[in-house]
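Before any questions on how it binds or moves, here is one chain, the form predicted on its own, in structure tokens.
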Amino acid sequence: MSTPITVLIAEDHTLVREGTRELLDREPDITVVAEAGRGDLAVELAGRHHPDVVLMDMRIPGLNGVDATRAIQAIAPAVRVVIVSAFEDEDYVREALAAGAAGYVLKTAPSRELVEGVRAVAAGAIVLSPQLSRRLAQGQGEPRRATDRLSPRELAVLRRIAQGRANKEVARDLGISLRTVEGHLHNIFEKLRVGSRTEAIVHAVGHGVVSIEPPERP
């Protein structure tokens, strides 16, 4: 049996936290290892347990979701944080992803979307609730100058990393060498003036070049 995905739930409302745990506990491949009702405690527990995924409330006391995400990424960069929020504003989404979050799921989302989002993020993908992905694209008023400079092959690489593909997988999918993939990523970062895969994906989503949605359950 494969190793289960470990999850930390950071949510100050007890009923929501308990409901989320009950939802995840039904899944044989997911294990909740800790809970926190404060952002600062979530950071401490993330450093102690190193879960695969943290489900982080945006408006949690002690340390808000964005600051807690940033702190977790500083002490445990392998931990993947998903913001779970009632706020749909694209500025919140961009701020969260810029802080290092690997996903942003609305509290109004179906429970299956959250469960599949945990799996997708644990596998390396970035996950947004579908309406947020559309809103980011629709809310971008500036021309597509930066993304228009990307070559077709660079766009193919960018779309695959948005799906959570590792560099080796991208190389295999496109029939190119790992060094070539790394070269394409360097060019993408330079052209978009970003410093990370997440920033590149957020930029591309904001310009309607890629769409990030939780994968459908087979």
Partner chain sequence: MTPGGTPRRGGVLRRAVRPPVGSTRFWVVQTLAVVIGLIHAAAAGLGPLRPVGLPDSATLVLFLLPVLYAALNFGLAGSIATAAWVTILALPVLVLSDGAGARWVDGAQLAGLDLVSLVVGRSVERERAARQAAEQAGAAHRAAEVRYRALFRGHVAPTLVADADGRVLEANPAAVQLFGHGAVGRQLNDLVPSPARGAPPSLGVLTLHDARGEQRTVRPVEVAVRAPAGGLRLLVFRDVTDEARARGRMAAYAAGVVRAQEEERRAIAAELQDELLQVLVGLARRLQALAAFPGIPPPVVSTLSEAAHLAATIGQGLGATAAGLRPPVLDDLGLEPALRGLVAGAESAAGLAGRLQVIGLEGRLCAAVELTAFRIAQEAIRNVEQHARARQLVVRLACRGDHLHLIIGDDGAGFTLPLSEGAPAGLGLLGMRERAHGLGGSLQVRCRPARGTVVTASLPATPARADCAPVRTAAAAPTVGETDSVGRDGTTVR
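Numbering follows the first chain given and starts at 1. Everything numeric here is computed off the predicted structure, so don't read it as measured data.
We do not show the form predicted together with its partner chain, though everything after this point is about it.
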Query - Partner-contacting position among A156, I176, A34, L185 - heavy atom within 4.5 Å of its partner chain in the model of the complex - result: A34
Report task. Could you tell me which one of V53, A162, L150, L45 places a heavy atom within 4.5 Å of its partner chain in the model of the complex? Result -> L45
Query - Interface membership of K107, its partner chain in the model of the complex, 4.5 Å heavy atom rule - result: yes
Query raised in the report: Might V194 be said to contact its partner chain in the model of the complex, defining contact as any heavy atom within 4.5 Å?
Result: no
Query raised in the report: Taking heavy atoms and a 4.5 Å cut-off, does L41 contact its partner chain in the model of the complex?
Result: yes
Report task. May I ask you to check whether E90 falls inside a 4.5 Å heavy atom distance of its partner chain in the model of the complex? Result -> yes
Query raised in the report: Which of the residues spanning 60-79 lie within 4.5 Å of its partner chain in the model of the complex, based on heavy atoms?
Result: I60, P61, N64
